[in-house]
Ligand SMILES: Cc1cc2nc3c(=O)[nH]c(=O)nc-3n(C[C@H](O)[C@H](O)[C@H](O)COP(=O)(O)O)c2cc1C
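Next up: just one chain, as structure tokens, the form predicted alone.
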Amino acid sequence: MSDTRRTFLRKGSLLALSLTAVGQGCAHLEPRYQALKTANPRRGAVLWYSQTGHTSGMGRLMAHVLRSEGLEVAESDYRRFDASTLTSCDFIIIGSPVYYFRVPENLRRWISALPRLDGVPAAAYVTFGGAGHNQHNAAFELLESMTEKGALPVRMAAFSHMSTFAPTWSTGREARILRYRDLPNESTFESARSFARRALATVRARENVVIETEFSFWQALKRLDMPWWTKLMSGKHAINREKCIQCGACEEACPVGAVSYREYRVDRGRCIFCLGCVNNCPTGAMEMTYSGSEVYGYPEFLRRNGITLRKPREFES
């Protein structure tokens, strides 16, 4: 029996077991304000993991709001942030895309390696494409991971945008994505502003907000290695030497070190199929097939459909 077949059978068994676990209770988070570092935060951090700009856009907007509330704020993609400085913060907001129904493993690993954040209030947000699946529980997972480092759970939220999952439009299902071509819009931005203000106000008032998971079929699927299952549908995943301009965008976008543009190499075993390399390559040199179709990136999808993404008024030039 081949290794691939053994893995398929093992993961299939896990799928069956996970589906039987659907609906088995719920979890909740509640702040313990007796451990609160300060009810008057002065220094904050807004961190995110972002591949196509939606999650970072929400984070930058929230950082702007916190500054307007008098805080000194550091804002950054987590991959370019000095985690050791978090202990000096009084308030943290962290964001992530919903990735195969949950928080991406690379961000979860980073959080698990953080120093203790005892008494630091934290809020979490996620972004998701279209109608989305399991975004509430993904936000809960992100916030819960911060509480495991000692942070106090304050609030969480989810913000929708047009999907950036390249295989969908590349296999002729553009209509599923274009239904949400107006997102994010001003209503999305206002929700993000409101979330940042409410989260900060919750800390200042020591408001007790109980946050719970919700029943979802998709919650069971997050237990599985969904990127592995998705990769079964992919074929070619390689760098075209003739198209590559050695800019490094693909390597920088990859959160798990699976891409080396200098060596024109993609480690398919390490790849978590986040599509960051495809969506960030400016020349189409990162070539991929999915279900037999050539996959093309997000900027090209926007160009072909005449879409210009909206920006919050705070950042319009």
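This structure is a prediction, so every number in the text was calculated from the model and none was measured. We number the residues from 1 along the sequence you see.
Keep in mind that the form predicted together with this ligand is not shown, yet the notes after this line are about it.
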* **Position in contact with this ligand when the complex is considered in the predicted bound form, options L152, L107, V98, I94, heavy atoms within 4.5 Å** => V98
* Structure fact -> In this chain shown alone, the residue from M162, M156, I111, A196 with a heavy atom within 4.5 Å of this ligand in the predicted bound form is M162
* **Contact stretch among 205-213, 130-138, 186-194, 85-93 - heavy atom within 4.5 Å of this ligand in the predicted bound form** => 130-138
* **Heavy atom of P255 within 4.5 Å of this ligand in the predicted bound form** => no
* in the predicted bound form, Y290 touching this ligand (heavy atom, 4.5 Å) -> no
* Using heavy atoms and a 4.5 Å limit, would one call V259 a contact residue for this ligand in the predicted bound form? -> no
* **Distance check, C274 to this ligand in the predicted bound form, heavy atom within 4.5 Å** => yes
